[in-house]
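Let's start with one chain on its own, the form predicted on its own, as structure tokens.
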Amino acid sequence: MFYTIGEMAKKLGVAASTLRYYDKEGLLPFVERSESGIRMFNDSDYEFLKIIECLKHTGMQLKDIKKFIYLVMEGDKSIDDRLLLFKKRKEEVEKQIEKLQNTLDVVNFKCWYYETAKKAGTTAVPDNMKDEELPEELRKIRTQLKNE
């Protein structure tokens, strides 16, 4: 089954202009065109486009995504290169997750802090609490905030 650019964009949850931009940047060499030049997306293109979106969300630049696409088009001789690329992306995503987890920990601490201050009517209460009075999961975060 074939999809128009608008149908595929809707299926992916992106703007049609995004797919046109990808095509202009050379990211869609696999997409067929009708005799009149209209892009005709198929089901396997959808999977490829989902991988492109995934790589974008990892922070990969379009020029590097383009290199990946051409590696795929080379066939089995590029399996090692593609595996290495995804292992590197995995490491990057793990670093991003760690940073986001640290950010979430601080946000959770500050939610607790201001909830406690609101109940007491002053920030002096959470400020003057001893570590053992804090919820255990927040102690380390307060220490990190005070030492940074």
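Everything numeric in this text was worked out from a predicted model, so none of it was measured. Numbers follow the displayed sequence, beginning with 1. Only the largest set of C-alpha atoms that superpose within 1.5 Å between the two forms is called the rigid core.
FYI, the form predicted in complex with a further copy of the same chain isn't displayed, but the following is about it.
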Checklist entry - Among 4, 33 and 67, does every residue place a heavy atom within 4.5 Å of a further copy of the same chain in the predicted bound form? => result no
Review point. Hey, in the predicted bound form, is residue 20 touching a further copy of the same chain, heavy atoms inside 4.5 Å?
Key: no
Does the 4.5 Å heavy atom contact test between residue 11 and a further copy of the same chain in the predicted bound form come out positive? yes
| Using 4.5 Å between non-hydrogen atoms, is residue 103 touching a further copy of the same chain in the predicted bound form? | yes
Is residue 121 close to a further copy of the same chain in the predicted bound form, meaning a heavy atom pair under 4.5 Å apart or at it?
yes
Restricting to 93-107, the residues within 4.5 Å of a further copy of the same chain in the predicted bound form through any heavy atom are 93, 94, 96, 97, 99, 100, 101, 103, 104, 106, 107
- [ ] Would you say whether residue 120 is displaced between this form and the one not shown, judging by a C-alpha shift of 2 Å or more on the superposed rigid core?
- [x] yes
